[in-house]
Ligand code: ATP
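Below sits a lone chain in structure tokens, taken as the form predicted on its own.
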Amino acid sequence: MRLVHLSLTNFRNFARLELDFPQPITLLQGGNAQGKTNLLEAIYYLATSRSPRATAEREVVNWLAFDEPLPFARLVADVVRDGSSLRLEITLVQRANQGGNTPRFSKQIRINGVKKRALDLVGCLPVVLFLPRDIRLVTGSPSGRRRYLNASLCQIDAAYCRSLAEYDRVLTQRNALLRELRERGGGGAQQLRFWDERLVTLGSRLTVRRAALAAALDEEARKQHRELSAGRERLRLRYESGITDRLPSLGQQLALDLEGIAESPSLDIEQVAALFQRGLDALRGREIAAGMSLLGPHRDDLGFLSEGRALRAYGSRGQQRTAALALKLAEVTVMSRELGEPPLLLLDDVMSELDEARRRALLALLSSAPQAIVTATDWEDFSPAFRGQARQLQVVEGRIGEVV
């Protein structure tokens, strides 16, 4: 899989951009706020239909576009995959004013010119993105780590993505019913049975799939981390299920069940579902009193450990950044194995806060990447040998030029 060409119109500070990617490694240098991260964001947006930074679609639209009668932004990627060409396109068009002061945009997705859903787009251009803020995967809240697991799995497994969307819908409906039952004093709790059944069926699928991904990432991240730290440190990833954490007395059995995922996945799903249902039955009164669902993959987490200690609490900033980077590099390997081809690697200012030894190790790993786009503020962060094998570009105020 290769990204061949990128076209942007009115995206962030790129009023207009046409850019080819003829070499495996593209190195993009520029000062702060010139557009380096915006370029990576655009590619990730085309891959997942979501921005890793914006909370609303209007935020990615170039401010000059609002001077036009119909403000819009368009992103297009030409991709070669399995010997076939794909054109991925996202167009954002401002909706007619509905009385509010804040403009809203509708999103139109096309694959080879045909209108598609976001679910159809995800996975067409597999990417792994590393941003400086990804240190929050180690230091931040569990919700960010769940989003990371979901984003990775949705690119790998379309069935997982569908189950996740349905689980979120069921969870919303079930929570609404729990609040209603709380207001009624708990009467009519039998109405939960229907939503319990759907929550257990879908949640068990998510749990088993996430556990399998976490195990695969743990194995690969340990290898990558040893390379990045020159063998001085040991990293472990630990999947923390939203079921076992809430039911300690039953958690050991689930952990044993999850160990055999690769051997008998259907049996494991049944075991997780049985445990999930037992937990819901046991916590019925507490959930009604709380007005929310207390069990399920919506409470999952992913732990980062070094020498048995939580990096979130005890790791230095450099250790935390190295762990996050090892995770992303492990994701490249796992995704390659799952998809049968490597994803596009996007690294933003990756050298910041890494010592010289870790920089050398990372450059050695990047040199073998099938395709990577790397940004930097300083050319000196990269060795002359690495720069010699990369296409070198410079970005200034949303304009990109070749470095000769």
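What you are looking at is a predicted structure, and each value in this text was computed from that prediction instead of being measured. Note that residue numbering begins at 1 and tracks the sequence as displayed.
Same protein, other form: the form predicted together with adenosine-5'-triphosphate (ATP), not shown, and the subject of what follows.
- Listed stretches are 358-366, 24-32, 331-339, 43-51; the contact stretch with adenosine-5'-triphosphate (ATP) in the predicted bound form is 24-32, by a heavy atom cutoff of 4.5 Å.
- Put simply, residue 59 is close to adenosine-5'-triphosphate (ATP) in the predicted bound form: some heavy atom of it is within 4.5 Å.
- Within this chain, residue 392 is remote from the site of adenosine-5'-triphosphate (ATP) in the predicted bound form, having no heavy atom within 4.5 Å.
- Although the partner is absent here, residue 379 is not a contact residue: none of its heavy atoms lies within 4.5 angstroms of adenosine-5'-triphosphate (ATP) in the predicted bound form.
- Contact check for residue 9: every heavy atom lies farther than 4.5 Å from adenosine-5'-triphosphate (ATP) in the predicted bound form.
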